[in-house]
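Have a look below at one chain only, the form predicted alone, in structure tokens format.
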């Protein structure tokens, strides 16, 4: 595989190493070398290079990044303001730095192990996120990312024609809220009503078309038309089969990259064009992560 190298001519004299990007698969992901994210958080030129690489590879990986929580937040805030999460706790000193701690006191769960795009139950889902590993299990606990622009590009034309203009509903109530008592679930939905998004969104910076349905997606909202439904019996299997088919595209290995975590390794991803899956195979080992999610825009 080729390696992309950026010179350091415009950087502060204290940073001498070139930034190198090593692609990890043909469709998505690159590991960066010669990068100190603490420096990137303070340097305009370095950040511009990092962002350019993120748009190209969709998810970037780095190891041995012993950055502080303040540097973590400062780097993420270069992309935009941070968002909190209604069900996961933030660090008390750094709102928006969400702590995803799975330790020996945690019961085994099946919570993150679904292909999903963060926060699509929001009207404005996150632009992206920066995730740092605080403590990794000795084996297991990998995360998989998927290129959903490639997933859309490789759909048959007849499917592209069928989903052109379709919109779908995304729900926190049906996912994070499903395990809550009914009154708490209803309160969660009242605070975060279901969001409606296009099934195919346009990336606001690259112009790519992206397949934009995932495990938060419950149903199409404008499928029941004369073109698709002649009798009521056509609607339920027709719409659900199509939605399931589209959601399943994330499970195709050709569009994926898989990352094995180690302490102080970092992933930076573009949430607008990817999905991810946190493999839950490591309990009772400990896995502690900290994530800074960046507020995004309304999909179109």
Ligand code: SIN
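Numbering follows the first chain given and starts at 1. Since the model is a prediction, treat every value here as computed from it, not as a measurement.
The same protein has a further form, the form predicted in complex with the ligand, not shown here; the description that follows concerns it.
Although the ligand is omitted here, in the predicted complex all of 100, 116 and 289 have a heavy atom within 4.5 Å of it. Proximity to the ligand in the predicted complex, taken as heavy atoms within 4.5 Å, picks out 270 to 278 from the listed stretches 39 to 47, 53 to 61, 270 to 278, 25 to 33. Looking at residue 143, you'd find a heavy atom of it within 4.5 angstroms of the ligand in the predicted complex.
Contact annotation: residue 255 falls outside 4.5 Å of the ligand in the predicted complex, judged by heavy atom distances. Of the heavy atoms in residue 151, none are within 4.5 Å of the ligand in the predicted complex. Interface residue remark: residue 131 is counted as part of the site for the ligand in the predicted complex, having a heavy atom within 4.5 Å. Along 246 to 264, a single residue, 261, places a heavy atom within 4.5 Å of the ligand in the predicted complex.
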